[in-house]
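Quick setup: one chain, the form predicted on its own, written in structure tokens, and binding and motion questions come after.
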Amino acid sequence: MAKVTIDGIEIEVPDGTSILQAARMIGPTVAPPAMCFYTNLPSSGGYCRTCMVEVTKGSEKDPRPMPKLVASCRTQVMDGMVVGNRTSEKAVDARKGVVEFLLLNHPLDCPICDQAGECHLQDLSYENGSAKTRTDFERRTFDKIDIGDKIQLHMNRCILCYRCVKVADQLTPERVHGVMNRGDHSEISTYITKAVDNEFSGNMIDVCPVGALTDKTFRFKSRVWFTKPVTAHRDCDKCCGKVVLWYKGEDVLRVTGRKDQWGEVEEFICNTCRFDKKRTSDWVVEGPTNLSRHSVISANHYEKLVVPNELTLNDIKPLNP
């Protein structure tokens, strides 16, 4: 076990724990943001640099500070380590610069983007970004690409976090897409004439933190905050079958994997559950999905507590009081 202090809060964690994971154990007020790290994808992390922190004390054995900011998702804690995240001016300033860099080529199409309302880049730029840009150069642009019959790629919005590549490496037998070219010409693409066509390809949509990979069956059907997420499950011979159904009225507009408080999928689901099972009769509904009260999706979502022969306003409770 190792003791580490993050933003003045001490916690004891198992050896081998990263700074990011230790900060998440403390809570969201201390945890750095992460755009590329994904708990269920072992080789992810280290690309986006949004989780950089300042280590002011290396350990009890070697108390010297680390000379540069480090990526918290790739740096393991050591006993006696002291870390500054939100309390470090260097880390806060560097994160603001990273956000500015990520937004250099990102289009301002939030009003028409299906990811609006659950976009991690929106949250990142709101909490850590700047209101102005310092560049006059034109943004790079790409044509929209259909990678398979259910997924559309908007390369203009991509921040090259590599999550979709990692999930394809982990879940699919023959990965046919990846990062092509180098530098500012880098882009996510399929190999020549290939299309992404495998039973778990839809998980690329769930892990994408921006609106670069979107569900073609859900595109432009509704804003996410007008839908009602409901937790459900079914017996599936391909995956766990545990999902979230997104209703608008009586219709299921889309099906996604269940996510934790960090926006990461708990268990990956197959394309059959995601795209082919969109009737309520296909599922065993468990109840309303527990949403963070800070999420725009939670607006006006309530759960009724039914009392026989007696129901008052006090019996209608918010999902997340």
Partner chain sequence: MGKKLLLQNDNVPGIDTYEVYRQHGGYTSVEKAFKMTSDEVVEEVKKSGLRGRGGAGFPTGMKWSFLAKPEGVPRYLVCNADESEPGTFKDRYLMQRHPHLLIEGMIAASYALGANTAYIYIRGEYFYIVNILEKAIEEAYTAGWLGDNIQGSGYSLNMYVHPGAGAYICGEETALLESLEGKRGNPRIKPPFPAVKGLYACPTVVNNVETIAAVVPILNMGGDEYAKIGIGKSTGTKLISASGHIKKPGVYEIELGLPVEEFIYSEEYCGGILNDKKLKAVVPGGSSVPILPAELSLKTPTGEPRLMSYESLSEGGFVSGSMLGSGGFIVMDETTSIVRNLHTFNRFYHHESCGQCSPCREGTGWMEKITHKILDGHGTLADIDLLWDIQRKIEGNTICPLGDAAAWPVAAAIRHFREEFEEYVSNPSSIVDVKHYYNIHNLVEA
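Note that the coordinates shown come from a computational prediction; the quantities given were computed from them, not determined experimentally. Positions refer to the first chain, counted from 1.
The same protein also has a form predicted together with the partner chain, omitted here; what follows describes it.
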Inset, instruction - Answer for Asn181 alone: is it within 4.5 Å of the partner chain in the predicted bound form, judged on heavy atom distances? - result: yes
Inset, instruction - Consider Cys273 of the chain shown here, and say whether it contacts the partner chain in the predicted bound form, taking contact as heavy atoms within 4.5 Å. - result: no
Inset, instruction - Evaluate Thr135 for contact with the partner chain in the predicted bound form, applying a 4.5 angstroms cut-off between non-hydrogen atoms, and reply yes or no. - result: yes
Legend entry - 4.5 Å heavy atom contact, Gly97 to the partner chain in the predicted bound form: yes
Inset, instruction - Considering the partner chain in the predicted bound form, find the one stretch among 48 to 56, 281 to 289, 252 to 260, 265 to 273 with heavy atoms no farther than 4.5 Å from it. - result: 48 to 56
Legend entry - Check all three, Ile188, Phe218 and Lys242, heavy atom within 4.5 Å of the partner chain in the predicted bound form: no
Inset, instruction - Let me know the one among Lys144, Lys228, Arg74, Lys238 whose heavy atoms come within 4.5 Å of the partner chain in the predicted bound form, would you? - result: Arg74
Legend entry - Interface residue in the predicted bound form among Cys119, Leu171, Leu102, Cys110, criterion: non-hydrogen atom within 4.5 angstroms of the partner chain: Leu102
Inset, instruction - Using the arrangement in the predicted bound form, list in sequence order the residues of 228 to 264 with any heavy atom within 4.5 angstroms of the partner chain. - result: none
